[in-house]
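What follows is one chain in structure tokens, specifically the form predicted on its own.
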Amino acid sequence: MGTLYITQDDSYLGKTDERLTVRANKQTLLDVPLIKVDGVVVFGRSTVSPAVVIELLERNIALSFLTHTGRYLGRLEPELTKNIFVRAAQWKAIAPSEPALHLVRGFIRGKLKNYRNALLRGLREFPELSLQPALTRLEQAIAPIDTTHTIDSLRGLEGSGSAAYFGSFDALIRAEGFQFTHRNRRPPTDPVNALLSLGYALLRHDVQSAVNLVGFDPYLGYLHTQRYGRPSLALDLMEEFRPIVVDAVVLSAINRRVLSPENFETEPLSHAVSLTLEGLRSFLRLYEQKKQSKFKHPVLQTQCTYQEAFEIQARLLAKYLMGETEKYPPLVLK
């Protein structure tokens, strides 16, 4: 199972029997069995046939639309699952509440510990790097999480830890032609930020699909406040996955020279930086490979892929809210 990415402008996504076909310029670009598809992401302009829309909805397969630069536009969402009890527990825990506080602690602890582990891996690989100050600041943000009793204060710790991590992110980049000074977006104005923004948009598609599959209302979160049209719970659950999925893919693409500065282009008016079509396809291959790679889940003690881990974490979240477990364990990987 995997995600079907459509990157060719003016292509046509159709259905023939039990297969999806992508055509452009009177040529078939892709022909894949439906059984192998668990998500579809369309970049730029493409036409999706009514038969495909019906098939995706019936199979509970999400279809997301992004601009050709990777900016998220929206998605076709299958009907919510019939598990009203999960949503009832989710709404019952709305902040301020002890369950909401517990979950926010978990999301932030998972994110910051994975930030710390990413820097430790960088330090093991390149001992000459000056990462200790950032590690110290991350430890200082992680240490008080369990004794912090307001969500706003926890957000402050998350901000402090993220600043420490991204303040050292440039040191993890080991290829000429790339540098990172600070996080910028809407639009990203350098190649590294362009890759991070694209990766987070893809991660949002995957995590929101998992949240929906388990039966949650994706718009009610705990770390992210409620805002019209914002899938706050999906964004909450994304936090622990950002460094171990997206940031890892970005650093791998750059440091392994899969992408070079020539794979990026700059829009002259907005100065927005995005991947060329060839670069986009290379990045999508890396992202998909990462999702399908396996690791030992630290809680379940079984092998799983990152794609499966999105749903596993969503189900662990549901178990906590339903009172079936005492804690929500964020995914932390060393």
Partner chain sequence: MDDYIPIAALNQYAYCPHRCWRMFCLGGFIDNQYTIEGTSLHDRVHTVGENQREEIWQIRAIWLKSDQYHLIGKADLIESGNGRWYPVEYKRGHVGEFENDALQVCAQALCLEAMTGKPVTLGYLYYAQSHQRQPVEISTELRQKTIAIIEKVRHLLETGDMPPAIYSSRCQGCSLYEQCLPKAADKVKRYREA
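Residue numbers count along the first chain shown, from 1. Please read these numbers as outputs of a predicted model, since none were measured by experiment.
The following text describes the form predicted in complex with its partner chain, which does not appear among the structures shown.
Put simply, Ile6 is far from its partner chain in the predicted bound form: not one heavy atom of it is within 4.5 Å. In the predicted bound form, its partner chain lies within 4.5 Å of some heavy atom of Phe85. The shortest heavy atom separation between Lys113 and its partner chain in the predicted bound form is within 4.5 Å. The closest heavy atom approach of Glu324 to its partner chain in the predicted bound form falls within 4.5 Å.
Here the chain stands by itself, but in the predicted bound form one stretch of 204 to 212, 77 to 85, 243 to 251, 171 to 179, 77 to 85, has heavy atoms within 4.5 Å of its partner chain.
Interface residue among Val299, Leu57, Ala51, Leu29, judged by heavy atoms within 4.5 Å of its partner chain in the predicted bound form: Val299. Residues Leu316, Lys319 and Lys334 are all found to lie within 4.5 Å of its partner chain in the predicted bound form, as judged by heavy atom distances.
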